[in-house]
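Below you will find one chain, with nothing else, as structure tokens; this is the form predicted alone, and questions on how it binds or moves follow later.
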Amino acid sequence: MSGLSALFYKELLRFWKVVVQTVVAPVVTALLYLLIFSHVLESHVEVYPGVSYTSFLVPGLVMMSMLQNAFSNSSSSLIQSKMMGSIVFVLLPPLSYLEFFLAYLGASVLRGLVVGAGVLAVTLWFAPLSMPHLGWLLAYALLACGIMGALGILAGVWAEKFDQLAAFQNFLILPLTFLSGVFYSIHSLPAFWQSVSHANPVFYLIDGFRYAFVGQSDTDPWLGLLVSGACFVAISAITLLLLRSGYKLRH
């Protein structure tokens, strides 16, 4: 077994050993969101013509769950290893910084996809979806998990304490996801806040992913793919530079 596959397998086991916490709990949380919001707004809100509010909400909840869990997987693993001192066992073997990055990224993407599939499975009972654009669904799902997995590595490398990582998540990740159109269309906002929403890269992930389910969106899915791809490349490049330098890992 190569170093890359061994580290990937270790990260896979890390979240799978506590599957109730890492997979089941996020699925239950998303289901509660669906039950509450769909019960309150289903008969009062029609975001797109011919699309029920529940059908509108489900893709947003699936994507939000994938984003949060992909980020949490890599960031929590790294900060725990650093705080416990076990990161040395990852740094000592002859692993390149690229292998290090790919192993953590791959495990984060996998956890995000597993959680997303779980959320989709339980929510389809409430709003069967046709998924007319399966290619868009796969592209946005992989990009979203990749972006947040890479951002989680970046946060895990940067943070030195759990509260720093919590601040990163509470003041950056949560606002970006909750203010991205998960529960509403940005066209319901005033013009100023629509412009602000277009500056949020997570908006494009939510909107493009929803397009794959309902065939309607607030913006061009090709533009969303371009923005999301650029974000993934930029975040990955910054993270690789930090890993190559050994920032807060080897010094």
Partner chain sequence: MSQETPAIRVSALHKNFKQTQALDGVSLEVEQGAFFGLLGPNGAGKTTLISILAGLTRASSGTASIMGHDVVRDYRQARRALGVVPQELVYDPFFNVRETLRIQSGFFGLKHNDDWIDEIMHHLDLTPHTDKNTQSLSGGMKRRLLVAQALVHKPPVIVLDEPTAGVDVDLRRSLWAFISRLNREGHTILLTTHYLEEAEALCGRIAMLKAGRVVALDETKNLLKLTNEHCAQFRLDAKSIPAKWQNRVVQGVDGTWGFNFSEYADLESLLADLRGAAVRVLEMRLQEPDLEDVFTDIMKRT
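Everything quoted here is computed from the prediction, not taken from an experiment. Positions refer to the first chain, counted from 1.
There is another form of the same protein, the form predicted in complex with the partner chain; it is not shown, and what comes next is about it.
For the partner chain in the predicted bound form, the listed stretch (88-96, 145-153, 176-184, 162-170) containing residues with heavy atoms inside 4.5 Å is 88-96. Looking at residue 18, you'd find a heavy atom of it within 4.5 angstroms of the partner chain in the predicted bound form. Contact annotation for residue 13: at least one heavy atom lies within 4.5 Å of the partner chain in the predicted bound form.
Here the marked residues 80, 84 and 246 all reach the partner chain in the predicted bound form, each with a heavy atom within 4.5 angstroms. Annotation for 165-198: no interface residues with the partner chain in the predicted bound form [heavy atom within 4.5 Å].
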